[in-house]
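The chain below stands alone, shown as C-alpha cells; this is the form predicted alone.
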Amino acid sequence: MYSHADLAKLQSQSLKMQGHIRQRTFSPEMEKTLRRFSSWEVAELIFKINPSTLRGRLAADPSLPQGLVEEDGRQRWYSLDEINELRRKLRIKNQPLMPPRPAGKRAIRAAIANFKGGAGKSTVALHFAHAAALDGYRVLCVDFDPQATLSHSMGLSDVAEEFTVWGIMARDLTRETERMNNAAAGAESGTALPRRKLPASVTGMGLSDLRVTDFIKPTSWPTIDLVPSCANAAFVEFASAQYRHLNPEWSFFAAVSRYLDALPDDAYDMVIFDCPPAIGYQSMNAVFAADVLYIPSGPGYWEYDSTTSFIGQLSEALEDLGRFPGALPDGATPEKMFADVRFLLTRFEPANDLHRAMQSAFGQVFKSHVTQHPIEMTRAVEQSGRFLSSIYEMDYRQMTRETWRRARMSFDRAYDEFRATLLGAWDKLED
C-alpha cells in the first residue's frame, strides 16, 4: 500500500537526480546561459543577407558591435544584445532589419493548445519564442502547464506557486471582489447591494499587493520573459472551483486576460501560452485571452483522433462559456472569437507513408487551417529535447552543420508561417 507520503518520498529522490541533470545540462551554477551566435548565423540565418555584406559593413563602421573574434580571425561570435544593436543600426538595400509590428497595438497573443499529451506543445512554444527573439521581437511566455516543461527549458525551476498563473488568478479574485464591494458600497439605489467576503486563506496571502511585473521572470534570453509554472501549481483546478463559490460573480475565465491587459501595450510584441494537456480553468483562461489558437498534433491516427476530440470539447466549452453566471466580465461578448486557428503537425517524418497519409487527411478536413510546413523529427531535435534546449540554443559545432541546419530549417519554416499568421491577426486587433 502506498500513500501520499510514499509519493513525496519518490519525488524527493527524483529532485536529487533533477539537480544532477541540471548541473550537466546548464552551467555549473545551475543557471542557463545563452550561447553566442556566429557571424555566419547572424548574416545568413537571422538577417538573411550575404555574409560578405555583413563583413563589409562591419569593416566600414568600427562603431558597430564587432563581437568576439576567434584566434584565427575567421569567425566572429555575437550575443543577442549585440545582434539586436546591429539590427537597429543597419539598413540593407535601404531597408531596416527591424521586424514588422503594427503601430499602436498591444502584443499579439497565441495559445499553443491540445489536450493530447506529447503533441509537442512545449517544444513548439519554446522554439517559436526563441525564433521570435532571434527575429527581433520581445516575447512574453506564459506557462499554464503544471508539468512546467517550458519553465524548466527556460532555466527556471525554483518557482513558488504564488508567482504562477494560480497566483495571478487568486490575485484577480481578491481585486475583483474588492472592486465589486466598493461598487456596492457606493451604489445610490435604495436596495443595498450584497458584499462578498473572502476567507483569510485567500486574502492573507498578500497577492493583491503584488505588481503585474512581480509574476514575470527574466530568462537567459534578454528579450524573452516568462510567467513560470511549477508542480505545486497543479492544484489550481481545485482552488479555482473553490474560488468560484466564494464569489459566484467573479469572471474567472477572464483573470489572465485582465492581467495581460494591465501590461503596457509596448512592453512585448508577442505573448505565447503553453497550455496544459486538459480543458480546465487554466487552459480556458489561456484560450479566452488568446487572439490565435495554434494546435500541434502528432502525425498518427491516435493523435488525429485526439485532436478531433479536443476541438469538439473546446467548442462545447466555449459555447457554454457565456452560460456560466459570472464567467465573463460585464459587457464581454458571449462568443469567443479567434483571429485565426491553425493546426501544426509535429514529429513528422517525410519518408513515413503513414505520416504523409495523415498529413493528407489533416489537409482534407481542416484545409487552409493546416500549416504547410510540419516540424520534422530529426536527431538534432531529439538531442535538443534531452538537454532541455531548443535547436536555436544548440551550437552547430556539436554535430555536423548539415544535421543541425536541417533541424533548424524545419523550425524556421514553421515559425515563418506562425509569424505570418500572427501578423495577419495583429491587423485585426482594435487599436
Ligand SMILES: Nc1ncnc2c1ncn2[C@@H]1O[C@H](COP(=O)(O)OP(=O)(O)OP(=O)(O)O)[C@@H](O)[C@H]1O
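For every residue, the number given is its place in the sequence shown, counted from 1. In this text, all values refer to a predicted model and were calculated from it rather than measured experimentally.
Form predicted together with the named molecule: not shown, discussed below.
Q: Quick one: from M377, L64, A43, M394, grab the residue that has a heavy atom within 4.5 Å of the named molecule in the predicted complex.
A: Only one option qualifies, and that one is M377.
Q: Of these, P99, P350, P199, G117, which has a heavy atom no more than 4.5 Å from the named molecule in the predicted complex?
A: Looking at P99, P350, P199, G117 one by one, just G117 meets the 4.5 Å heavy-atom criterion.
Q: Against the named molecule in the predicted complex, would V381 count as a contact residue? Criterion: heavy atoms within 4.5 Å.
A: Within the cut-off, so yes.
Q: Looking at the partner-bound form in the predicted complex, is D145 within 4.5 Å of the named molecule by any heavy atom?
A: Looking in the predicted complex, residue contacts with the named molecule include D145, since a heavy atom lies within 4.5 Å.
Q: May I ask you to check whether T123 falls inside a 4.5 Å heavy atom distance of the named molecule in the predicted complex?
A: Yes.
Q: Is P277 close enough to the named molecule in the predicted complex to count, meaning some heavy atom within 4.5 Å?
A: Contact check for P277: yes, within 4.5 Å of the named molecule in the predicted complex.
Q: If contact means any heavy atom within 4.5 Å, which of 134-142, 86-94, 109-117, 246-254 contacts the named molecule in the predicted complex?
A: Single hit among the candidates: 109-117.
Q: Using a 4.5 Å cut-off on heavy atoms, what residues in 81-115 are near the named molecule in the predicted complex?
A: Nothing in the stretch sits within 4.5 Å of the partner.
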